[in-house]
Ligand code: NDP
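Take a look at this one chain, the form predicted alone, written out in structure tokens.
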């Protein structure tokens, strides 16, 4: 049976986010679901013709070898409108162009998106309207709460998708399966057996021309306040009754509400640094302060670490460190669970005993379990071994899953309003301490592992 036609309105369609992430994700979704009928309307501040817009769509679709009836139908009807989406009159015209139930994707800077939300309150739109916004959701607790209040004037919470594409990654689903479908892990998933957890997302890439956004955000807001806190919440949550939107998001929110800085001390539980010139895989990178568009006076960090504690019976006393940075020598995207060492070795067993370590890798998705065993030589001497498994090829784009949720009216993979506020509440002391220069901004050479004085994470 052919599905009813829906309309996806992309505000900010002429921007990089649309071409690089949204359109390839949409193409994968429609290729996999040829029965889906979707009208795509792009709106932006660049004066493109429909033909110029179609070239952008065609190029992005070709990246994932898009094909099929749904792709053909979309290409035949897609259109582009040059518009100021903060103007209520122009917003009304765009809404009126939509077929079926529209979904609006705000591929816009946060400040502009907030203005559009207010302007939409002066527009007539159908009851089933869905809104999708990119992070950051506000810039602190008051602004996040204010944004939630403005959104609530438009549609119910379950029609608001605060997009965190990390929640669409297959790694998140792998965490759920690993924890809850394997009895060997869940009984030891607590402070009695786990010594520490590290969530690391280190990149070799530098600024890559993103100064306009990144220099006002930095590593803390860009990665830790949103993505890595959400990963932590999934990793640490109690078993939900179902994977439905309410149960899963309730479980994450309970974790976030219980999360605070380690020892409540932003000076000791956080670190920040900024890269200087260096070489990565033969590429020479300039110092961050010399990158085009960077204002050195902002003192924007490109590497951030924050150590947290979840004050629940399960996690009390376990340090959880979230780390992310740019221009580092090694690309590391992993969750590292370090277990406590064995209580006692039998007398006569020699060699160095190390804690068991479970590593979950992101893109490509895999895992390793590092354990001590008796080696092939001396049967009384311990040696290290690694048990490895691959979860899958990871070819499904995160934005495919995100867009499927938006178009199907399922916000399970989005951030709920109260969780958006909690993310800012957790890190507010760190942000304040950094602004007051109570935590030094250190340097590290591009291509290094970070400042020499920092402890190794993971």
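Numbering follows the first chain given and starts at 1. Since the model is a prediction, treat every value here as computed from it, not as a measurement.
In what follows, reference is made to the form predicted together with this ligand, a form of this protein that is not presented.
Contact check for residue 325: every heavy atom lies farther than 4.5 Å from this ligand in the predicted bound form. Proximity of residue 45 to this ligand in the predicted bound form falls within the 4.5 Å heavy atom cutoff. Remark: residue 12 counts among the residues lining this ligand in the predicted bound form, judged by a heavy atom distance of 4.5 Å or less. A residue is said to contact a partner when one of its heavy atoms sits within 4.5 Å of a partner heavy atom; residue 366 fails this definition for this ligand in the predicted bound form, lying far away.
For the residues 176, 371, 112, 97, the 4.5 Å heavy atom test against this ligand in the predicted bound form is passed only by 112. For the candidate set 249, 274, 135, 332, a heavy atom within 4.5 Å of this ligand in the predicted bound form is found for exactly one residue, namely 135. Only one segment in the set 167-175, 102-110, 253-261, 349-357 has residues whose heavy atoms sit within 4.5 Å of this ligand in the predicted bound form; it is 102-110. Residues of 62-88 lying near this ligand in the predicted bound form, listed in sequence order, are 83, 84, 85, 86, the criterion being any heavy atom within 4.5 Å.
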